[in-house]
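Take a look at the structure tokens below, where one protein chain is shown in two forms, each on its own, as structure 1 and structure 2.
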Structure 1
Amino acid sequence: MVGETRVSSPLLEARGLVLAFGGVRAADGIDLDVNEGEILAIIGPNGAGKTTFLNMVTGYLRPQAGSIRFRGREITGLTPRRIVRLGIARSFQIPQLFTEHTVLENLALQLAAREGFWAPFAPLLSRARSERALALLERFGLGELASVRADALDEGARKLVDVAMATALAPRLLLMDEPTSGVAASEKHAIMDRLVSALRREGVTAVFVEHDMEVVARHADRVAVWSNGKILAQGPPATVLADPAVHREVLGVEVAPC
């Protein structure tokens, strides 16, 4: 154990995170490691605190206690802007799109954010940037929607654009909040297949919140189960999803025996 953790010390370490909203303890002592290169799924019932965890890691909410380290560096209390620059990007449960822009422009703004954002007279949609944005969209099967305004998209497409935008930031750690909820079941797996294989190819570590156990079983290396602001269990999908206690907890949301 000692030798192993030395070799691959975790990319993200959360320790003792606590955050209460009034009486609701949305995080009640969260300890979690995310290792370099792995894909971790977070499951749990509504209101368990999954989104809150992502909000704390990305600096949107500040934990009342505990610490978060990324690549060994303390990031608790940093702003979202600082944290994303360190290499953590996220997508959102409720898509956060620039609704007056086209899908392509949404992507291009993310790409520009990484370089050349302040060049005052270089167009956002330069040839090179448009091509890169389009390539990213293709990965999500969104190529045809490139010139559609973001406020005209349906729920599933908005969700995918949101995820595509996060990947456009080329993070080391990608956090996704229910990336395929609202996406038609028929497309879901194909898109996740493409996304996950791209992530693995590019060596991106990923965490995704998911209610669909089939998706979890198929794509996650590891699963962590959230319940009332605590982590109930974690481990390989096969073991965790077979655990009756987990079944009971996650029941009511989705039962997907695997």
Structure 2
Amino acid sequence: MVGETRVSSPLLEARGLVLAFGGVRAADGIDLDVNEGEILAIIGPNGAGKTTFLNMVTGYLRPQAGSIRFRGREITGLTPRRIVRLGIARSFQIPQLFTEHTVLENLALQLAAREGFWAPFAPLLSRARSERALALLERFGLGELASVRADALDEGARKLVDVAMATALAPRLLLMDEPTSGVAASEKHAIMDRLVSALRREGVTAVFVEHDMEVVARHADRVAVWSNGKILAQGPPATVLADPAVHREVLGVEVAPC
């Protein structure tokens, strides 16, 4: 129809996710949409189920009830490898680097994995692969570290390389578990500035788990608050982080009424 407005579907849709470990419900009816192009932060106290949600989306855990759809396709219960190939990548709280290799080689290994083939005796750093790896490193401000071994990097650089490696898989959606964990307080915003800028330039939608509320307020488009396996609140950072219930649950402090 002329003049009709078409509403696009969310990139990721989670509906009614339930997962219990013994008597503890790590997911207790989780409903969440992730929209194309946004940066979504997930916050909440330890044990609230934040990482469990990432693990269900990426296939490391299977929900006991509910469904997960990515780009309209059901992905519940698929293996992590299948999910990566569909366009969802993951970075971990502890960077997963090949420490005996250089930064450039780490990126090249991920590119080879995305291509689906690499013979052990074939050159890893082919011209095309090297150029693509260097371009990605430049996006993350890591070009000058290309020849440095991964085990010689500081924690901030390790985090950036880890996310760059995940981005080398050409995901539509990237899930990051505490990307500033272990990074010096004085460097957190600089690291996130570079991460978010690079992801936006690559056209990657992102979800990140975070405990630093200043990082969330500055870098997230939207915030979802986890509490005892449920979503307590979600919305713009300024609104959610001013909610007394969020302060009580996440920060453990009471906010006096105005």
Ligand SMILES: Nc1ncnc2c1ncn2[C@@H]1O[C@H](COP(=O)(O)OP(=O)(O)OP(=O)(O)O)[C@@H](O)[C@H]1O
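It should be emphasised that the depicted structure is a prediction, and the values quoted were computed from it without experimental measurement. Reference numbering: structure 1, starting with residue 1. Superpose the two forms; the largest set of C-alphas matching within 1.5 Å is the rigid core.
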item	value
Form predicted alone, given as structure number	2
At the hinge of two rigid parts that rotate between structures 1 and 2, the residue from 109, 196, 170, 60	170
Hinge rotation between structures 1 and 2 - smaller rigid part turning relative to the larger, in degrees	17
Between structures 1 and 2, C-alpha offset at residue 93 (rigid core aligned, Å)	2.4
